[in-house]
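Below you will find one chain, with nothing else, as structure tokens; this is the form predicted on its own, and questions on how it binds or moves follow later.
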């Protein structure tokens, strides 16, 4: 579903990605770990079509042309309209994507993404970062996308909400979506993902099956690669 083959990307003399190749299949959650500057966000921006690779190719659904209509994107910091409520923001962004839902459907999306019902009609200006994140997740979820890209999706979420997010991602994957999640959270990646990749200085230096490694082992492997 998501395929990168020998993708290079540089910014002037800085090499952001070096011949990056990875695959995320339908029904799979891939966790991309790495420090700041490793190339995680660059990878997501290339898949979204915000950047163009210097060489190599990117395919979504076996097609070279990036079709954002089938992609749900959840950034680390969700930009919402503060003078609208949570449900109004969701309604607005749904309509921008060509979806027209009634209030019951919109509330259902927000509920499934962990936002308490008494907050649905409150202004975003009164929301915590975690609550705004849940609206952002609902916006992506409502697109019924086949591909989901997440950049630090659990940022600002409490442990319960992070667990609810993991459950939602597993539900999406079970329905056939391909999910690529960039994160610093070793535990959440280990608990959520099927495959894990470690990115360092633009190089994919290690790939693992999440079922074959414990959280403690993953931490040791990750820290070892970061130190050396």
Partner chain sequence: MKHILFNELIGLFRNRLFMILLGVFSISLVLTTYFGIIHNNKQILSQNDAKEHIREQWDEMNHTNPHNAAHFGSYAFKPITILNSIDEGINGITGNVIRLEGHRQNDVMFSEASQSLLISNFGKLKPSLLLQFIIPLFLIFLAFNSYSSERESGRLKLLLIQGSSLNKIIFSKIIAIWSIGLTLLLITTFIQFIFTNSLFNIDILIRLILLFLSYSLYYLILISLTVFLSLLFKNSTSALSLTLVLWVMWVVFLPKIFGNTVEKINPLPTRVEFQNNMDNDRSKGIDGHNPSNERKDELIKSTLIQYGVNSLSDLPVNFRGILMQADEEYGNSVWDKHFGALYLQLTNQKNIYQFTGLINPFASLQSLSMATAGSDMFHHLNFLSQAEYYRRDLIELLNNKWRDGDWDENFYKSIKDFHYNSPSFLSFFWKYILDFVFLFLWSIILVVLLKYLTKKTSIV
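Fair warning: this is a prediction, and the values are worked out from it, not measured in the lab. Numbering follows the first chain given and starts at 1.
Omitted from view is the form predicted in complex with the partner chain, to which the following refers.
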- Message: I'd like to know whether residue 80 contacts the partner chain in the model of the complex, with contact meaning heavy atoms within 4.5 angstroms.
- Response: yes
- Query: Within a 4.5 Å heavy atom cut-off, is residue 158 in contact with the partner chain in the model of the complex?
  - Reply: no
- Taking heavy atoms and a 4.5 Å cut-off, does residue 50 contact the partner chain in the model of the complex? yes
- Any chance residue 143 has a heavy atom within 4.5 Å of the partner chain in the model of the complex? yes
- Task: Please name which of the stretches 170-178, 41-49, 199-207, 54-62 has residues with heavy atoms lying within 4.5 Å of the partner chain in the model of the complex.
- Result: 41-49
- Task: Sort through 115, 154, 139, 150 and report the residue having a heavy atom within 4.5 Å of the partner chain in the model of the complex.
- Result: 139
- Task: Check, residue by residue, if 211, 217 and 221 all come within 4.5 Å of the partner chain in the model of the complex, counting heavy atoms only.
- Result: no
